[in-house]
Ligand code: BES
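Form predicted on its own, single chain, as structure tokens, below.
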């Protein structure tokens, strides 16, 4: 979607007027009644500015010009605004056209509301997302906003808002590209496909990629990743991405390392999952998607930060060669792992990703994301990700980023007492406690070993957030969780907040 900017509201055929619910709402409705030839009493009666409330007006008799009043509710968060505009664009798709005007004048939306514009535009674009790309009629049901010539015109007094709106478009485009990847069936996204995706993105947006195939993984000693891959006919990939902004030579940039779990399909291995809902395990690379999307978005926006992204990627399949419960496998760090449960494979491949990052790049901050445990869903549901860190400042920034974006996190303990659950008689540690409690915490304690005591590390268990229910799909689908969260965190670092 392209962005245009005008200072005055013209006679555009389709206008969206977002309205907050506050003390000024009634006076605003009276003015809009005059502007759009409505009866003030009826407008006050029919529209209360509740969140997601939508009222369609036809200002001129005999004309197909449409004006949508869109309620934002009282004191919405940025995440609320995004969700409201996404819901509007999706549910009103049959009434929308590819040319839309968003009325963002101070006299309409409010003088202090400019911070919401990125979220509003982001939501409008996401509302055009289409899940069913593999349906035979998918080409005939394209949302108007997905048309190559679609134009969103922002009516506002301040020209700089065009850049603010453009950020919303860039963010949505990065999100939707990764939503496509997470929603793709596993036969369309083998580990090599993730590597090819990263390479193509790097070439297009200007960041460096290095991809290790199976032979290179063996040479590098990525034994943990290789152990999970043993049961799959598809070779693993170890994907490394490095983003540095162009034109910045005299400033020391903060270096942030991001590691994402890239299991493109998870059967559970020999410790096989139940067939119920196993088809959803195509989403087990949601952490990888968050890293891919964050690197790409940073490059799109040319953020002044040094980012390293690492994705260990494999399938976890059942085969005669598959790693068995009770086997002991090695790792890049040199620690040995007793595999108690082959369905706790995500932490095993992340072990190599984390230790490779620390040894070879030594980032100032290290963050990993993974659809790691069902335990975190049992604890937090589908409302936020589990956050584990011993760095209070890092926890505070990630929590604030979550509040700003609506991609919330909640801190859980990482006490040393939980390390007792990972003791092994025959290896340095085991990958699973075997206990029916504190599963997300013991998984985090396992990962902590492979950070080699990095002082600024955080683990995000996003199992309940990467693949969830939204209005975009009757079933669960990709959410692109983590991209906006991490980007907001990076911007807090840049601004030293």
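Residue numbers count along the first chain shown, from 1. If you're wondering where the values come from, they're calculated on a predicted model, not measured in any experiment.
One more form of this protein exists, namely the form predicted together with this ligand; it is left out here, but the text below deals with it.
Chemist: Counting any non-hydrogen atom inside 4.5 Å, which residue from 221, 374, 185, 132 sits next to this ligand in the predicted bound form?
Modeler: After the contact test, the surviving option is 374.
Chemist: Of 391, 341, 319, 327, which one comes within 4.5 Å of this ligand in the predicted bound form, counting heavy atoms only?
Modeler: By the 4.5 Å criterion, the partner-contacting residue is 341.
Chemist: Using a 4.5 angstroms cut-off on non-hydrogen atoms, would residue 347 count as touching this ligand in the predicted bound form?
Modeler: Taking the distances in the predicted bound form, the answer for residue 347 is yes, it comes within 4.5 Å of this ligand.
Chemist: Does residue 281 reach this ligand in the predicted bound form if we count a contact as any heavy atom within 4.5 Å?
Modeler: It does: once this ligand is placed as it appears in the predicted bound form, residue 281 has a heavy atom within 4.5 Å of it.
Chemist: In the predicted bound form, is there a heavy atom of this ligand that lies within 4.5 Å of any heavy atom of residue 266, even though the partner is absent here?
Modeler: Flag for residue 266 set to yes.
Chemist: Counting only non-hydrogen atoms and a 4.5 angstroms cut-off, does residue 432 reach this ligand in the predicted bound form?
Modeler: Residue 432: contacts this ligand in the predicted bound form.
Chemist: Please identify, from 273-281, 176-184, 419-427, 196-204, the stretch that has a heavy atom within 4.5 Å of this ligand in the predicted bound form.
Modeler: Result of the contact check: 273-281.
Chemist: Though the partner is not shown here, which residues of 457-479 have a heavy atom within 4.5 Å of this ligand in the predicted bound form?
Modeler: Sequence-ordered list has one entry, 463.
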